[in-house]
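Only one chain comes next, encoded as structure tokens, the form predicted on its own.
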């Protein structure tokens, strides 16, 4: 408990330092310009330099390094991030990236992802007329939380048995009512509509669902498994609860009013 409390307090202290930290954009750009002059650009003659302020106050720099095989060229931000970790790690708070004229230069798409990884959405990038947050340069950025949501035991996928993971996103889930103890409950089954290509597998039920108290709970179970979810009511009527437009033969969409 004491270790956990110490970790929390360390995080708060670090965040407090970041909030109080003043960013010297003039010094950052000067360092970026100085580093830009060291760039290796025999192919494009387009040198780039970058300097980043780390959350502990130190500065890290990088320049682009080209290669005869242009696909192997290293952007300046790559060198800066390597320096970040080689000198102690931490998080980037602000960066200045410049071209050969010393003017602010926007990172390419690949480098925006790199900066998102090592600075996060609040990291500032020098721009005119004002610095921009990474959340502005890379809206809806992709991060580890997106991977964890799928592979890290997140709530959305934890219910899918590992042996059925390769079928996720395929087949169809049918949700239907049942009777248990004299009361209506909901359940479902996940069916593969075709065999796995190149195997002897045939059509059949992949998984039978547990009992759910509401239609909505059963539909949620289905959507974890497949974007194709069909609700079958007590009279045998069909409603589409999946993604996109309802397929031909299913006359209506399952709506919020049906979420009993």
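This structure is a prediction, so every number in the text was calculated from the model and none was measured. Residue numbers count along the first chain shown, from 1.
Missing here is the form predicted together with a small molecule; even so, the following discussion is about that form.
*Asks:* Just to be sure I understand the contacts: of 113, 87, 135, 73, which is the one whose heavy atoms reach within 4.5 angstroms of the small molecule in the predicted complex?
*Replies:* Flagged contact: 73.
*Asks:* Could you check which residue among 127, 108, 147, 165 gets a heavy atom within 4.5 Å of the small molecule in the predicted complex?
*Replies:* Partner contact (heavy atom, 4.5 Å) among the options: 108.
*Asks:* Would you point out which of 117-125, 176-184, 76-84, 138-146 contains residues with a non-hydrogen atom within 4.5 Å of the small molecule in the predicted complex?
*Replies:* Residues of 76-84 come within 4.5 Å of the partner.
*Asks:* Give a yes/no on whether residue 207 approaches the small molecule to within 4.5 Å in the predicted complex, heavy atoms considered.
*Replies:* Outside the cut-off, so no.
*Asks:* Please determine whether residue 66 contacts the small molecule in the predicted complex, using a 4.5 Å cut-off between heavy atoms.
*Replies:* Taking the distances in the predicted complex, the answer for residue 66 is yes, it comes within 4.5 Å of the small molecule.
*Asks:* Taking heavy atoms only, is residue 218 within 4.5 angstroms of the small molecule in the predicted complex?
*Replies:* Close contact is absent here: in the predicted complex, residue 218 is far from the small molecule, nothing within 4.5 Å, heavy atoms only.
*Asks:* Using heavy atoms and a 4.5 Å limit, would one call residue 211 a contact residue for the small molecule in the predicted complex?
*Replies:* Contact with the small molecule, no.
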